[in-house]
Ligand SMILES: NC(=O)c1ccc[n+]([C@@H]2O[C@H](COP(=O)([O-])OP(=O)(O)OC[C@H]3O[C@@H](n4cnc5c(N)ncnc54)[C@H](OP(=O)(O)O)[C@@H]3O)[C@@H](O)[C@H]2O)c1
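For reference, the chain that follows is the form predicted on its own, supplied as structure tokens.
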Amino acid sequence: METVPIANTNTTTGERTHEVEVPTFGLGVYLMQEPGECKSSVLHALEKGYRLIDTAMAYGNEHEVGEAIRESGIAREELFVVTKLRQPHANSHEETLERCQQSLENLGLDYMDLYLVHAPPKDPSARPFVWQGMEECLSSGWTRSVGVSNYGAHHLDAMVSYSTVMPSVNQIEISPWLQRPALRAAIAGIGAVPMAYSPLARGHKVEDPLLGRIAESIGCTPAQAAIKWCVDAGAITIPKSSNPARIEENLGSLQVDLSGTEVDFASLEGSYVSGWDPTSEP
């Protein structure tokens, strides 16, 4: 599977530090809360060739991700594990360290590959201290890289004043119906890479007639076309599914060639937010 380098860029010098390779495609495990659902999904995905798993403390399934990793028999260094600091827990430097350790304990891992602030802390005055905690998690070796999720361009701009290193990733909702060129440009501007969740707009748009015509014209499923658009847009893409057939179908999107569909995909843009969107918060 193809990978992309991510790194935390020094705010003062512009030097890239803690550079790691991330698969461009992985499995999201949001809303997998039935006992065993997450574990079986991760095991199936790993068996089929997935190597990136994205979870969060808020999902309540970090422990099942860890169990699946151990049972898979795949060497830890071959996997890329992402988890996140819950927004209600993003209050201080100390709590950030505490929750990172708690996530590692839940996962049963010695380190995670990427630790994200799940959303901008509700209290703007806490944001510098939370990020300093993230930087300490990085320097302590608890995570190989640090980033953010659901941050708008104005949140990223503000980070320059209080960070030593900037985020390596901003995980946001991106789909053919929510293309976000300005925010993607802002992410690139700080030396980071976008990570796309809900590439299918939580399933709300899979029946879109134009998407169906695009998919038919290139010989793939509508879901595969939408997912591949996100990958081709330069986003690490993490569709969520606990259905084994869908997990395999989604992986097949990497073989899709979208050449000649650019105009049609551009016309799908509608600023359609399918769920939570803290990027617009103050």
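This is a predicted model, so every value here is computed, not measured. From 1 onward, residues are counted along the sequence shown.
The next section is about a form of this same protein that is not shown, the form predicted in complex with the ligand.
- With the partner omitted from this view, the residue of A235, I238, V42, I214 that lies near the ligand in the predicted bound form is I238 [heavy atom within 4.5 Å].
- Though the ligand is absent from this view, in the predicted bound form it lies within 4.5 Å of a heavy atom of just one residue from H93, R202, R184, H89, which is R202.
- Contact check for D54: a heavy atom falls within 4.5 Å of the ligand in the predicted bound form.
- Interface residue remark: Y59 is counted as part of the site for the ligand in the predicted bound form, having a heavy atom within 4.5 Å.
- G66 falls outside the set of residues with a heavy atom inside 4.5 Å of the ligand in the predicted bound form.
- In the predicted bound form, no heavy atom of S168 sits within 4.5 Å of the ligand.
- Screening 68-76, 120-128, 154-162, 191-199 for residues having heavy atoms within 4.5 Å of the ligand in the predicted bound form returns a single hit, 191-199.
- Each of V29, S242 and R246 is positioned with at least one heavy atom within 4.5 Å of the ligand in the predicted bound form.
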